[in-house]
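The chain that follows stands alone, in the form predicted alone, written as structure tokens.
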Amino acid sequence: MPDTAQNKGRMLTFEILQYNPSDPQSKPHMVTYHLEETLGMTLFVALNMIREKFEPDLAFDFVCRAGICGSCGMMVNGKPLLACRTLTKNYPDGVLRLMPMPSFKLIKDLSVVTGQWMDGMSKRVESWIHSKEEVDLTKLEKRIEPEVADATFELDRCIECGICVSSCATALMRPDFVGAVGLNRVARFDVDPHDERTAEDFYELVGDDSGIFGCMTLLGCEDNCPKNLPLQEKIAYMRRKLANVKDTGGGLEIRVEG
């Protein structure tokens, strides 16, 4: 096949933030790279090519390369995305400006620590089954209706990539906000029949402006979630449920509407 312009890949331009906060001499700066696009190229592939050809010290995160681990989140032209699921062909002008996700501690360049934030969130919402029932491992598990199990598994699909946090205006303004990922976790345990917590218990955990009432419903989390989780639906449900719990000073009571 003749080497014509029709079968040549176009040239892509990558503008990448580079900064090492652990190095006193390092200053945040943008570095530009030009790379020929290949068929089906993802941002993950492009970054590996840039590291191999131009910048072996370039830092970014990846593990699974299949949109499952959530490690490769970054800002692409101002929008948080997973690098392994972002096709370069979707950028008609061929210019991609890459920066690390906000709200998380920066390690270097495009690499951030999401695990530290997620660990704090998990402890804040007490992300484990609360039950007084002792489990007997010698017996079969208690039967659960399939639709209830499906509802729980649906919310368990969260990969904790941090994209919803980086999409959230409240999270950017309030470092203590649990974010859509934390509120989704609360909804997950609210659905799970193994968990014995009540609305009052969940109110004590997230019934404030750093929890369920801090969400401004700007839809950034749901619009950008790579797993298409029903985040706003569940946040709205939990907000309505917890809004009926009123602090009376000496305890909590349920307000019944209607």
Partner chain sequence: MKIQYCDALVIGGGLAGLRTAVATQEKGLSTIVLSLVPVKRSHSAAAQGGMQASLANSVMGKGDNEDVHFADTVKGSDWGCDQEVARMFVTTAPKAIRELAGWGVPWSRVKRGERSVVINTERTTITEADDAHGLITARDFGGTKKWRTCFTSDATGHTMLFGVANQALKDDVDIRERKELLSLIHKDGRCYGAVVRDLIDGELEAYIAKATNIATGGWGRVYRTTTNAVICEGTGQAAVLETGLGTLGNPEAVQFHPTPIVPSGILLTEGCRGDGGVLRDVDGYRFMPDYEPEKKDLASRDVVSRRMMEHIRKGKGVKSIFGDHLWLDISILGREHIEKNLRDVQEISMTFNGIDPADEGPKGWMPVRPAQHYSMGGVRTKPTGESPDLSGLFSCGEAACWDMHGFNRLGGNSVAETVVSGMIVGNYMADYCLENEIDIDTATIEAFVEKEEQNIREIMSRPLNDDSIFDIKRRMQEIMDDKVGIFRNGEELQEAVDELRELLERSRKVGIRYVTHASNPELVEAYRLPKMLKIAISIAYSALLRTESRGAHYREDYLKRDDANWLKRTLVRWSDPEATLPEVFYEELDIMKMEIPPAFRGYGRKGMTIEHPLSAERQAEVDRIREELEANGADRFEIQDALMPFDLPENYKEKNERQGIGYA
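Positions refer to the first chain, counted from 1. Treat the numbers as computed from the prediction; the structure is a model and nothing was measured.
What comes next is about the form predicted in complex with its partner chain, which does not appear here.
**Student:** Can you work out whether Asp119 and its partner chain are in contact in the model of the complex, taking contact to mean some heavy atom pair no more than 4.5 Å apart?
**Tutor:** Residue-level check for Asp119: yes, a contact with its partner chain.
**Student:** Would you classify Val112 as touching its partner chain in the model of the complex, given a 4.5 Å non-hydrogen atom cut-off?
**Tutor:** Yes, Val112 lies within 4.5 Å of its partner chain in the model of the complex.
**Student:** Although its partner chain is absent from this view, report whether Arg51 comes within 4.5 Å of it in the model of the complex, heavy atoms only.
**Tutor:** Answer yes; at least one heavy atom of Arg51 falls within 4.5 Å of its partner chain in the model of the complex.
**Student:** May I ask you to state whether Pro56 is within 4.5 Å of its partner chain in the model of the complex, using heavy atom distances?
**Tutor:** Pro56: yes, in contact with its partner chain in the model of the complex.
**Student:** Using a 4.5 Å cut-off on heavy atoms, which residues of 140 to 166 contact its partner chain in the model of the complex?
**Tutor:** Heavy-atom contacts within 4.5 Å come from Leu140, Glu141, Lys142, Arg143, Ile144, Glu145, Pro146, Glu147, Ala149, Asp150, Thr152, Phe153, Glu154, Asp156, Arg157, Cys158, Ile159, Glu160, Cys161.
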